[in-house]
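First, one chain by itself in structure tokens, the form predicted on its own.
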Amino acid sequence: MTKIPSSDIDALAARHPGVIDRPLRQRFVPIAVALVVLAYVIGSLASFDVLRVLAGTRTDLVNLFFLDSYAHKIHVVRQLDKPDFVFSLEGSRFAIYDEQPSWFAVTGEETDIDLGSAGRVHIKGDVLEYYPLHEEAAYRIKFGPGLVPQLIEGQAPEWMRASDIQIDMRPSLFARIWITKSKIEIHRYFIGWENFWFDFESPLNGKTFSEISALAVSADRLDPSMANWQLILSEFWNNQEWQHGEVYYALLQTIIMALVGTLVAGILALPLAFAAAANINPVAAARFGIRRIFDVLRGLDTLIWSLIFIRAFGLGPLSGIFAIFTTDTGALGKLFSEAIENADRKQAEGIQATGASPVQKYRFGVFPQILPVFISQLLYFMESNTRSATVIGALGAGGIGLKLLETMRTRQDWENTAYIIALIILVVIAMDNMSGWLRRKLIEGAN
């Protein structure tokens, strides 16, 4: 490492005073700032007890919720006082399969259940054997009606939880083996959303895309009262498990809530913005009053306004529309008034010099200048309010937000939750593209 002679350092210090030989206090300022920031972070972690919250996080539940959003599971259940197994979708008593799956086999008194990548289960008499994938040794559990299930030999692995009433095994994220005093229950997960197109009871359930396509154009009606293509649409729209009809109606409510609320806010904010602009309205008291009204309207968040209007008008989209246009009237009024005040006066003065009336002066001298800002802000708020309307709906204003909250409350319908979230994202993307296209067309047309 090359060492710089002291004479060169002195020369540099003389040439750039205050850079090398900075005062001691200035040298410690960055260190002091870093220490303050570090102390603030540590204090915040301690105040919010972040470490305890992180330690108590149920990552297993998070993984299960995430898995349930893109996969479905088949329950194989046997009550110990009965000889037969029952196969159901997600454990629903309304979705019980008549036929046993191909991965389940019974030979005499022995039962074999293939769990795919999670291994396999063999049941004979009052002993259940679980074989992890590619392993010959099994975990053997003795069970019986009214008896506490017990691991016969060996130590229980981490993925096996044994108590005085049950043994719960989760050897893989895609399988679960649950043994109690009264039943054996085995879950196997499969990727994909089951019964997305047609529900369990539909005559079209289980048919392939080519079979559905052939049925749609076939003259032989499955239902004498309607054509096959109408039956297909009806079965899809009225799917009881996925509720497509209700979900799309709720989505339409949310879009209408956002569009109507924003449009009404824009219509109200524009004349108020002219009245609040200093270069338009010479009465200072009036401008002050209108600006304070803007402050009050936008001072409360849309969520707070929605709670107020829900109390006033009850549950429903009307409360959401009022909440959106109340908040946005204040925000848009402030933005529009600032845009009007920043408009070039020369253009308005030129119009006035031609003998135009005051209304014509502002119509042709000011309004064309703020039109791009007006359109741009209005479309942005319209797009943003599509997301806000979802949250407002969850509070009670209806729409897709309420449907989303209903699916999350059950803690079992995370695939429905993922479906609704995907629809919301698609709508936001569509609104973004449409508002961008509309903005370009309107601004280009105005120019």
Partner chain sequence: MSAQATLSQNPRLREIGDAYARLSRNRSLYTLLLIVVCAVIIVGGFMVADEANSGSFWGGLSNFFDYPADIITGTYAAGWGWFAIVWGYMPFLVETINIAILSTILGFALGALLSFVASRNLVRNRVLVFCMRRIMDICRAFPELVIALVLVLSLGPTPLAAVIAVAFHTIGALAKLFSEVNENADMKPVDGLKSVGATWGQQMRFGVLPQVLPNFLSYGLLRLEINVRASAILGFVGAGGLGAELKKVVDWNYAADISAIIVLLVAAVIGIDYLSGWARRALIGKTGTI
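On a predicted model such as this, the values are computed, not experimentally measured, just so you know. For clarity, a rigid core is taken as the largest C-alpha set superposing within 1.5 Å between two forms. Numbering follows the first chain given and starts at 1.
FYI, the form predicted in complex with its partner chain isn't displayed, but the following is about it.
Chemist: Do all of 106, 127 and 203 end up near its partner chain in the predicted complex, with near meaning a heavy atom within 4.5 Å?
Modeler: Not a single residue of the candidate spot has a heavy atom within 4.5 Å of its partner chain in the predicted complex.
Chemist: Would you mind picking out the stretch of 292-300, 134-142, 342-350, 167-175 that comes within 4.5 angstroms of its partner chain in the predicted complex, counting non-hydrogen atoms?
Modeler: Checking each option against the 4.5 Å cut-off leaves 292-300.
Chemist: So, residue 424 and its partner chain: in the predicted complex, are they within 4.5 Å at any heavy atom pair?
Modeler: So residue 424 counts as contacting its partner chain.
Chemist: Give a yes or no for residue 249: in the predicted complex, does one of its heavy atoms lie within 4.5 Å of a heavy atom belonging to its partner chain?
Modeler: Because a heavy atom of residue 249 falls inside 4.5 Å of its partner chain in the predicted complex, the answer is yes.
Chemist: Using a 4.5 angstroms cut-off on non-hydrogen atoms, would residue 312 count as touching its partner chain in the predicted complex?
Modeler: Answer yes; at least one heavy atom of residue 312 falls within 4.5 Å of its partner chain in the predicted complex.
Chemist: Whether residue 329 contacts its partner chain in the predicted complex should be assessed with a 4.5 Å heavy atom distance threshold; does it?
Modeler: Outside the cut-off, so no.
Chemist: 267, 148, 96, 233: which sits within 4.5 Å of its partner chain in the predicted complex by any heavy atom?
Modeler: Checking each option against its partner chain in the predicted complex, the one that comes within 4.5 Å is 267.
Chemist: Go through 275, 335, 184, 318 and name the one with a heavy atom inside 4.5 Å of its partner chain in the predicted complex.
Modeler: After the contact test, the surviving option is 318.
Chemist: Suppose contact means any heavy atom within 4.5 Å; which members of 48-62 contact its partner chain in the predicted complex?
Modeler: Those in contact are 48, 50, 53, 54, 56, 57, 58, 61, 62.
Chemist: Quick one: once the rigid core is lined up, does residue 268 have its C-alpha move by 2 Å or more between the shown form and the other one?
Modeler: It does shift by 2 Å or more.
Chemist: Is residue 45 among the residues whose Cα moves by 2 Å or more between the shown form and the other one after superposition of the rigid core?
Modeler: Yes, shifts by 2 Å or more.
Chemist: Using a rigid core alignment, state whether the CA of residue 325 is displaced by 2 Å or more between the shown form and the other one.
Modeler: Result for residue 325: yes, a 2 Å-plus shift.
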